[in-house]
Ligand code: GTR
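To begin, one chain is listed below as structure tokens, in the form predicted on its own.
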């Protein structure tokens, strides 16, 4: 498996180089693109220059990092409204050939309960409660059979009810931003706030294990899952998938043909996902006081698994490996070296059954003490 991953990665780089030669363009990776992560900002160095040496000092550093990434990249979000209630619930139904009990609830929350958001819950029949639970950004029934079959509950929520996701180059003031007009949050922060509000509700259900919630999502949902899990310590495990720029990818270390900070924050594309001034760092990434390994470090010492595809060059698999390596010292310093993990598969931009299988194997390992066949430390690119 390790040899296949490394061979596949090198084949991808070789193919890009060949295309570049044919096209007459210079996209061949330079040695700098396989640069040592030692060139990245140090997450364990406090703003006063002192290095973190204790768990107590990490708490202070964690607060500094949170303020840094929210002020510059994602925007600030309001605290929990502490008023999430169920407005209505559909009649439960049995799906997945009788293996799953599904129910949908409509939540009301926020100022004067002005916001509404749907949450779907899929519970495996005949599984012993309380259950570990996977919470996904975005409504999607497809993973329910696989997750329920492994004894996990599955919940997903409609993040677009809080802030819509219009076509590229279009922005609207969504319901959550209208309800909280003094906050500078972009869409990713709104959607991440929504994950925590879904969790507010799920924590009231006795059939779910309150210590074993996992947040995941794909692409922009993967960016959202990483931010939600970084900030909300009630998520025991965080699994961004294919999340790229603004997610698990690195702004400073990139493979050719990856989405850059400049591209993703263009007004013609997805500027509205981020704090309004974040785009000024386009082509000035080295001036950022952090990179995405800082966001990953916020998960420590909880469980973090980045899942990506080697053929998904736009999502910067090389950069995902770089942030994995650069965040590792934080996990090590907190006595949780095995809590930081990575998994690559062949293929393209999607969250597949293989990605969910890796998630479940990692969760089984740590929640149930049940080792599986999946490796979580295989690096396809040179360090």
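Positions refer to the first chain, counted from 1. Here the structure is a predicted model, which is why all the values come from computation and not from measurement.
Same protein, other form: the form predicted in complex with ligand GTR, not shown, and the subject of what follows.
When ligand GTR is considered in the predicted complex, residue 213 lies well away from it, no heavy atom lying within 4.5 Å. Remark: residue 62 does not count among the residues lining ligand GTR in the predicted complex, judged by a heavy atom distance of 4.5 Å or less. A residue is said to contact a partner when one of its heavy atoms sits within 4.5 Å of a partner heavy atom; residue 192 fails this definition for ligand GTR in the predicted complex, lying far away. Among residues of the shown chain, residue 220 is one whose heavy atoms approach ligand GTR to within 4.5 Å in the predicted complex. Just one listed stretch, out of 280-288, 150-158, 261-269, 201-209, contacts ligand GTR in the predicted complex at the 4.5 Å heavy atom level, and that stretch is 261-269.
Within 4.5 Å of ligand GTR in the predicted complex, a heavy atom is found for all three of 273, 314 and 349.
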